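We begin with a single chain expressed as structure tokens, specifically the form predicted alone.
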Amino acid sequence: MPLKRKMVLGSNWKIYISSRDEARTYARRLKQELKTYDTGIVEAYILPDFLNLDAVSGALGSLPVSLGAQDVCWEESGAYTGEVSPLLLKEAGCKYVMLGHSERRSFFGESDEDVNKKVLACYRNGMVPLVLIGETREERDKDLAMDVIKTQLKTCLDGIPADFLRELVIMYEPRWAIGCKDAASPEIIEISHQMVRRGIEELYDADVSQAIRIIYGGSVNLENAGRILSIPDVDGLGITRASLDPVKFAGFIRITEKEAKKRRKIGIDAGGK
């Protein structure tokens, strides 16, 4: 079953790339460096800040890299000063929307309930949510990681139909691994991704659990990317600082494509299609 899942990876710019010239330069260099990749087995996305969405979209041109947003309002319109409507993001060409990032939770007080409302807004407007979950260091040290993951999944996905969930992407990003020298250990990543898949199965069923893509984020770099992607339940990567160089981001796409081809070959050799 895992072999049938299309792998996905992306670059979250936060506000590191803040000028329109920088955004265009990045996109043009990525286009020169990448040219193409097998979109049948891998999908890449970029999450610029809101005001650079059009600049990036124009500079990417026909390069098959999806556009996404770093957040969204849970309502299409209304008295929500400073928010961005899902209607505008959809019109801007956004396919993905990142929700529940630890910085949104820590700095802006977002709760799992807030994330759920935004997931529902994406559902109504035909955009794919990238739902981030993950425990703190204190929660892991107290052996509460599974409980935290289950609670986040149950609340964030409340009211989401199974058919839509198959399109959604879950990113497991342990909050204690963000900004560290290296990612969580392969053992922790493997066990945690299994926890997430088990949690989805308990909420829905085994078919949905095997269909949903679960990717890893947290101190990913070119040195550890291949090792992380070799873990069977890891379906891709969420990257920030290491992807702010377009040449390096193209490298991540190539590494992911290589793993996806390996999985496809294993599936064919095992009698799959």
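When you see a residue number, it is the position in the sequence shown, counting from 1. Being a predicted model, the structure only gives us computed values, none of them experimental.
The same protein has a further form, the form predicted together with a small molecule, not shown here; the description that follows concerns it.
Visitor: Quick one: which of 121-129, 198-206, 95-103, 156-164 gets within 4.5 Å of the small molecule in the predicted complex, going by heavy atoms?
Guide: The contacting stretch is 95-103.
Visitor: Let me know the one among Val56, Ile239, Leu229, Ile212 whose heavy atoms come within 4.5 Å of the small molecule in the predicted complex, would you?
Guide: None of the others qualify; the residue that does is Ile239.
Visitor: Exactly one of Ala145, Ile178, Ile191, Cys73 has a non-hydrogen atom within 4.5 Å of the small molecule in the predicted complex; which residue is it?
Guide: Contact residue from the list: Ile178.
Visitor: Lys6, Ser66 and Glu257: each with a heavy atom within 4.5 Å of the small molecule in the predicted complex?
Guide: Contact check failed for every one of Lys6, Ser66 and Glu257.
Visitor: Is there a heavy atom of Arg20 no more than 4.5 Å from a heavy atom of the small molecule in the predicted complex?
Guide: Because no heavy atom of Arg20 falls inside 4.5 Å of the small molecule in the predicted complex, the answer is no.
Visitor: Is Asn52 near the small molecule? Define near as a heavy atom within 4.5 Å, in the predicted complex.
Guide: The answer is no: Asn52 has no heavy atom within 4.5 Å of the small molecule.
Visitor: Does any part of Glu173 reach within 4.5 Å of the small molecule in the predicted complex? Heavy atoms only, please.
Guide: Because a heavy atom of Glu173 falls inside 4.5 Å of the small molecule in the predicted complex, the answer is yes.
Visitor: So in the predicted complex, does Lys14 come within 4.5 Å of the small molecule, heavy atom to heavy atom?
Guide: Although the small molecule is absent here, Lys14 would touch it in the predicted complex, with heavy atoms inside 4.5 Å.
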